[in-house]
Ligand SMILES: Cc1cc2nc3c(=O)[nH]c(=O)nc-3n(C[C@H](O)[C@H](O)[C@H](O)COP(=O)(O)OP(=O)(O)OC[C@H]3O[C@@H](n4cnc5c(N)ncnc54)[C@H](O)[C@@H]3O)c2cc1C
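Presented below, as structure tokens, is a lone chain in the form predicted alone.
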């Protein structure tokens, strides 16, 4: 099933770590057994992860679901702080507290072709979307990275999505340039773009097309505390008023986002 929302509200569950894989010096992938979330998760949704019986870090960390099947889900993350550093040292068999699946995902395509554009770790929710895409929808996958340090990550992605096209700033991986170099000058009426990654990249994609911007879906990343809309900590400005990334998103139309108000 491929839709934007699960029919049952998010809940709190325990997940057992199946395995952890180090992809680069700072990037890891974890498989977690959690049958309920695996059954309910849709591409573009995320989970809040916490360590049970531990108050530091106090708040959960939102991480996109990169795959779901059977009893398991997987996440992919980069070590950027205390929480992710602790996650990188977790062992098989350990238990995590999971809240999810959360947020509104990408939903069903409205076009016959979907081009997915990822910047580095922004690939995580798009991997899930790519592998769940209905068979009657064409699909492309473009990944942009900074330099050669991302080579092991790109090799990992290529095993999951053999048709992926790479762009890197130094030209060592794939073609030299940014992901914008892999996009056409105009957005075809039969095509839409789904993207996740650094804010400047998504802003540039949203501003590239004066026509068809409503067919560009962006998955935003912001700081979250509760992940359920109560704390108002992830509010952004849109043309339709203020919205919370955790419950109204994280996927929005590029047309509705007030890009100049976002920092990054």
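Residue numbers count along the first chain shown, from 1. Since the structure is predicted, the reported quantities are computational estimates derived from the model, not experimental observations.
Not pictured, yet referred to below: the form predicted together with the ligand.
* Interface membership of residue 213, the ligand in the model of the complex, 4.5 Å heavy atom rule -> Residue-level check for residue 213: no, no contact with the ligand.
* Should residue 223 be counted as a contact of the ligand in the model of the complex, where contact means heavy atoms within 4.5 Å? -> Yes - in the model of the complex, heavy atoms of residue 223 and the ligand come within 4.5 Å of each other.
* Asked: Given that the partner is absent here, does residue 84 sit within 4.5 Å of the ligand in the model of the complex, heavy atoms only?
  -> Taking the distances in the model of the complex, the answer for residue 84 is yes, it comes within 4.5 Å of the ligand.
* To do: Indicate whether the ligand has at least one heavy atom within 4.5 Å of a heavy atom of residue 168 in the model of the complex.
  => Although the ligand is absent here, residue 168 would stay clear of it in the model of the complex, with no heavy atoms inside 4.5 Å.
* 124, 193, 98, 179 - the one with a heavy atom within 4.5 Å of the ligand in the model of the complex -> Of 124, 193, 98, 179, the residue with a heavy atom within 4.5 Å of the ligand in the model of the complex is 124.
* **in the model of the complex, the one of 30, 37, 63, 205 near the ligand [non-hydrogen atom within 4.5 angstroms]** => Exactly one listed residue reaches within 4.5 Å, namely 63.
* Asked: What stretch, of 129-137, 90-98, 179-187, 76-84, brings heavy atoms to within 4.5 Å of the ligand in the model of the complex?
  -> Heavy atoms within 4.5 Å of the ligand in the model of the complex occur in 76-84.
* Stretch 154-188 - residues with a heavy atom within 4.5 Å of the ligand in the model of the complex -> Residues within 4.5 Å: none.
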